[in-house]
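Just one chain is shown here, as structure tokens, and it is the form predicted on its own.
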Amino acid sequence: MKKVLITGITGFVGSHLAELLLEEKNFEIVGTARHRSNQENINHLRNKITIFSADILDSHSLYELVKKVKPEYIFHLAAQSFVPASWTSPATTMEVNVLGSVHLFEAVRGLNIDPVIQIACSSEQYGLVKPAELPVKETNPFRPLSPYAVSKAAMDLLGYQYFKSYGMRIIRTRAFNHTGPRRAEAFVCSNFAKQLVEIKKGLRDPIIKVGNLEAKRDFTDVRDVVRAYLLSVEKCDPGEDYVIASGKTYQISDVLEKLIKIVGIKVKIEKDPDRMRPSDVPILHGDNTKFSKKTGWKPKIPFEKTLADIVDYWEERL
């Protein structure tokens, strides 16, 4: 049984990763959760995993946890992960995503242990991509357009620095947009699905509030993404960076149309100024060639299936 530590296990991605590792049956899973954090995502896993109260901003608690667990794999998923929130709380975003990562790296270094560490970087750090630079590869320059993107670029570079300086086995994955059941309602696919199900159930007027429908995003199902994360610690090279993406882009207006069709209702679409960002990335389109060649990974779940599962999730909850 390999010991695995998942920071942020109660989150959207963390809970799906825990499910995958349990299916594999050869992992002992330990996860971190902040005091008073919402642990609804992992309630169904509670008797199969071990949860410790630890905040990545508390270097002492993180050090003591890593010392106790001595993991062979670490999946570093804990983060402030919502791009719009980084505009209102840029300092908090930087603190959690950058300083929290330093605390983890320093705990591992201070204990002189040698786990493989996957850090969940982001396609957002590429930011403004010129048309001639598409699809996005690992070699694309960073032109971040949000405080969140800056924080993830910094975390990414810290991972490289700790690898070069101390030989720590850090693998940097840059996942493009991923979604699926249990995605928080603040995120676009889940938000649209929840609004539509509420309309269908008569819980709100038949008006759906939207932000920028022109943006294009490369969506992958979260269950495919966590499979990629597991492959990354098993097969990828420490110090390297890897794009994880489906290679297919969808305009947000098309995503909304697909969801409306799945739910089967008629609605009025209304722009909401509060949903617009100060600056937005026009298109995110990833090239997964490097990662796929290294691991054999390819996405398996069709986007329409992902959207249908999100709708089912909200149907059950509302």
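Position 1 is the first residue in the sequence shown; the rest follow in order. Because the structure is predicted, anything quoted here is derived from the model rather than measured.
There is another form of the same protein, the form predicted together with a small molecule; it is not shown, and what comes next is about it.
When the small molecule is considered in the predicted bound form, I252 lines it closely, a heavy atom lying within 4.5 Å.
Proximity of F142 to the small molecule in the predicted bound form: non-hydrogen atoms within 4.5 Å are absent; the residue sits far from the partner. Residue contact check for R217: one or more of its heavy atoms lie within 4.5 Å of the small molecule in the predicted bound form. For the chain shown alone, D156 is not a contact residue for the small molecule in the predicted bound form, no non-hydrogen atom being within 4.5 angstroms. In summary, the region of this chain contacting the small molecule in the predicted bound form, judged by heavy atoms within 4.5 Å and restricted to 220-228, 182-190, 199-207, 161-169, corresponds to 182-190.
Site annotation in the predicted bound form: the residue of I117, L77, A175, V150 reaching within 4.5 Å of the small molecule with a heavy atom is A175. The contact residue chosen from K48, H60, K293, R275 relative to the small molecule in the predicted bound form is R275, the criterion being a non-hydrogen atom within 4.5 angstroms.
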